[in-house]
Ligand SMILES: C[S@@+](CC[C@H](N)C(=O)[O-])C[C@H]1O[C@@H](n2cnc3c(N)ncnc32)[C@H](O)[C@@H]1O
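The chain below stands alone, shown as structure tokens; this is the form predicted on its own.
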């Protein structure tokens, strides 16, 4: 880098650190016109009464200020059990695995969420590496702004050490470019990557996504993964998983928010339908759809102002989530090329939740064979 270029970077860092204003220096990795075209294409699917045609894929559920605000409101709803229990128990679970993370780590967070969990992680890492780099990654710039502020305010992390990246990390080519960027910036220093809040469960290709994400780790890196879990798999439990989401009015508003902001459809919350099923021997699966129950055919205007038929009983898939069988997680992790370093589990402590539902936090490392002494929390996992 030329001296003039280095001076520009230094001056920008000083301006950000010294300003009494919440500047965000965001790296935008994709042309947002392409993302809008992809969303439009997803809404052109064939008619289906089961959510297998038109859809809003995972990242678009949080894309834009409206869905971001709806998400924040849903997270504060005590009836949205998965999120409430995840937030309430995260401090304890993180405290049980954090001592396995040594000094000198940077932090890359895929899907920053509300920022509350990243704040706990950063607080621990900063004690051991005051000059760390924090890189939250999300497809939504609005989510990045919301989560990053919550994650960093008052921690003493200088503004130029926070580098939000707007990127769809579910795309393999994007991850390859992101890997090169991170490695250029941190050199050989270790990175703690994280995917928290059961985000993995929202993707159709969840196992492939985990493998893609963990493929960017090096031997010195670690990966923190949080997922919703179940002790058993049955159609009855799938029905109870559905009831867990159905109870939250704020959750219904959140899952319909992207549809409301990207089409001219008049949204009726009682047209949101939840379908539970058993996904092989690995998970309970919940599909959330919006169904045309008006008694007639509709025509919906899409973001590019094209119109698409929305016949009676046709559906638009709004959201996908899972509860993973704890007995299957080892296989999912191994297939992603990772091994467990430490694991903690928290049961849902509410009477209205099915027995055996909870959240697991896994600290993973590259490689398939556990080392002796790496897993003192194994008893927690197995019991």
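Residue numbers count along the first chain shown, from 1. Note that the structure is predicted; figures quoted are calculated from it, not measured.
Only in words, not in the display: the form predicted together with the named molecule, which the text now covers.
- Contact with the named molecule in the predicted complex, judged by any heavy atom within 4.5 Å, is made by just one of 225, 112, 228, 108: 112.
- Out of the listed residues 262, 170, 148, 85, 170 is the one that sits within 4.5 Å of the named molecule in the predicted complex by at least one heavy atom.
- Of the candidate stretches 280 to 288, 307 to 315, 200 to 208, 182 to 190, only 200 to 208 has residues with heavy atoms within 4.5 Å of the named molecule in the predicted complex.
- Contact here is defined as any heavy atom lying within 4.5 Å of the named molecule in the predicted complex, and by that definition each of 117, 139 and 196 is a contact residue.
- By the criterion of a heavy atom within 4.5 Å, residue 71 is counted among the residues contacting the named molecule in the predicted complex.
- Shown alone here, residue 51 lies farther than 4.5 Å from the named molecule in the predicted complex, counting heavy atoms only.
- Put simply, residue 59 is close to the named molecule in the predicted complex: some heavy atom of it is within 4.5 Å.
- Though the partner is left out of this view, residue 357 does not reach within 4.5 Å of the named molecule in the predicted complex, counting heavy atoms only.
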